[in-house]
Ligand SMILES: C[S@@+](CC[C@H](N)C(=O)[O-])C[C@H]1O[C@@H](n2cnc3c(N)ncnc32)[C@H](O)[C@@H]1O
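Coming up is one lone chain in structure tokens, specifically the form predicted on its own.
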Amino acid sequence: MSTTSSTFVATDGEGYERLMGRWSRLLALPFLDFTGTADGDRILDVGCGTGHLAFAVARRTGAGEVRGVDLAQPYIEHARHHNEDARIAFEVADACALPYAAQSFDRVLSLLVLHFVPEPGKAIAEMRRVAKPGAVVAAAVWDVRGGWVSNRMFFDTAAMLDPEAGARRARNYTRPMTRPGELAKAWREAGFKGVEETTLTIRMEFASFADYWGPYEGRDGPGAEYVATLDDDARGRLREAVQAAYLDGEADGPRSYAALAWAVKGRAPA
């Protein structure tokens, strides 16, 4: 994966499903409520991951065509393997250099991507370039600092055990586009009209601590990237401390955590 266009460690489609795909599937629904949809649209999903936003669009509307692009070949392969809709096509592509002509799409959408783009302004400019005049262009990212309980539980615990984890926490919670008003400011600076920003909410439901912890011992995302740097003893200490936070005085079992995302939309100018 190009490190110039993404800082997200992406290696395995099933690993991404356990880490984030199951939550992007849920977040896609209120995101589409916010962005709106229309039959016959040609829609681009920028940074599609394993394809849940593209699938949700197709289920919701009589879309004419849905294109999903992502830098991660394993995610594109996973999306293609699970796609049964002839209107949807997935391909490997860079959000900062989209392989489409100008003014090609009726809607350009991006879910949980822009905070991993080191220069998000380039990706936003590309989203505007490929949008038809008047097209809706929209994005959403996690409110990582103030609204992502399950992720904070991991990194706050890790930071108390290891200064390096504290440094990683600082990098993760100061990513671009994640502060209040930052998406809307970027949309206005890009020249979009009628810019609106809102907050989207889902619940992250875990069956057990093993369900919660499993993705951190995978190969995808910032948490797993950190855990992979630890030796067995340090990993065991972290797992024990995070488990204590998850259990929180009760027996192991289901837990439900709120997760908030910032979302923005605007229309491409003529």
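Model, not experiment: these values are computed from the prediction. For every residue, the number given is its place in the sequence shown, counted from 1.
Quick note: we don't show the form predicted in complex with the ligand, though the next part is all about it.
Peer 1: Each of 8, 75 and 111 having a non-hydrogen atom within 4.5 Å of the ligand in the predicted bound form: is that the case here?
Peer 2: Every residue of the candidate spot has a heavy atom within 4.5 Å of the ligand in the predicted bound form.
Peer 1: Using the partner position in the predicted bound form, report whether residue 130 sits within 4.5 Å of the ligand, counting heavy atoms only.
Peer 2: Judged by the heavy-atom cut-off of 4.5 Å, residue 130 is well away from the ligand in the predicted bound form.
Peer 1: Does any part of residue 16 reach within 4.5 Å of the ligand in the predicted bound form? Heavy atoms only, please.
Peer 2: Looking in the predicted bound form, residue contacts with the ligand include residue 16, since a heavy atom lies within 4.5 Å.
Peer 1: Considering only heavy atoms, tell me if residue 223 and the ligand come within 4.5 Å of each other in the predicted bound form.
Peer 2: No, no contact at 4.5 Å.
Peer 1: Would you check, heavy atoms only and a 4.5 Å threshold, whether residue 71 touches the ligand in the predicted bound form?
Peer 2: So residue 71 counts as contacting the ligand.
Peer 1: Of the options 126, 143, 106, 94, which one has a non-hydrogen atom that comes within 4.5 Å of the ligand in the predicted bound form?
Peer 2: Exactly one residue meets the criterion: 94.
Peer 1: Using a 4.5 Å heavy atom cut-off, which stretch among 204-212, 223-231, 59-67, 44-52 contacts the ligand in the predicted bound form?
Peer 2: The contacting stretch here is 44-52.
Peer 1: Even though the chain is shown alone, can you say which residues of 22-43 have a heavy atom within 4.5 Å of the ligand in the predicted bound form?
Peer 2: Contacting residue: only 24.
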